[in-house]
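Shown here is one chain on its own, the form predicted on its own, set out as structure tokens.
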């Protein structure tokens, strides 16, 4: 079954699909030869479905692994729009970038939309999986969660697990099977809180709180420090924080400081003029070479 979505004039499928590492974590998969992004979507009331997304001119083509009801098709379209940030208004950001010689490439290439998961819960769990570890360990933890707890699509692939599925598992599952280490109790507690309804992370998307207050709420989740909170904020559409880590620091040294180390304060000063967009400017700056144009 094929579904079609029109895309904004300033949208780049390639730049968005590989905008950060989520494309390499299940249930996402990417074929960069044919520029096909796929993943399994959980339809809640129906069996999960695998979708394969490609772009043609100003249109996305979504091929599904089985025929869908009208209700399910609407959910797939909504999820794809959400994941690829099709409804994000970046006009102000692009206008700012167009006036900067070093960053005029950003609107020209349609950079700036950051791939995200269908749910804030999935983004939050994955972000905890990235803290204080190698990318290989992040991949192993996420793969363990998906393969053990995800619901199966008709093609055998699996969804990211729901909070309810994660909550049902004992702590030793996260220690022994997922190999989550010190994160094991964080996963268990987060899943328990979300499944019970005592914590609604999905409402962060539309929270009326100021960014600093929202960060405080996020950091009330065990395992979420400044780095994780500021990165999740970017996936919510707030770009105040730089979310510096060892990779972004090292890349800044190369790209902007002639290979010499620089303090976090110096990095912050460099992007401070971009105000509420500074975190997104930094990320575009550090990932410009991810796509050869």
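Positions refer to the first chain, counted from 1. All of these numbers come straight from a predicted model, not from anything done at the bench.
Heads up, the form predicted together with the DNA isn't pictured, but that's what we're talking about next.
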* Structure fact -> Students should find that, of 68, 228, 267, 236, the residue having a non-hydrogen atom no more than 4.5 angstroms from the DNA in the predicted complex is 228
* Structure fact -> Note: exactly one of 75, 162, 119, 130 sits with a heavy atom within 4.5 Å of the DNA in the predicted complex, namely 130
* Asked: Using heavy atoms and a 4.5 Å limit, would one call residue 26 a contact residue for the DNA in the predicted complex?
  -> no
* Any of the heavy atoms of residue 144 lying within 4.5 Å of the DNA in the predicted complex? -> no
* Although the DNA is absent from this view, report whether residue 81 comes within 4.5 Å of it in the predicted complex, heavy atoms only. => no
* Heavy atoms within 4.5 Å of the DNA in the predicted complex: does residue 11 have any? -> no
* **Option from 108 to 116, 136 to 144, 85 to 93, 204 to 212 whose residues, in the predicted complex, bring a heavy atom within 4.5 Å of the DNA** => 136 to 144
* Along 195 to 220, which positions have a non-hydrogen atom within 4.5 Å of the DNA in the predicted complex? -> 219
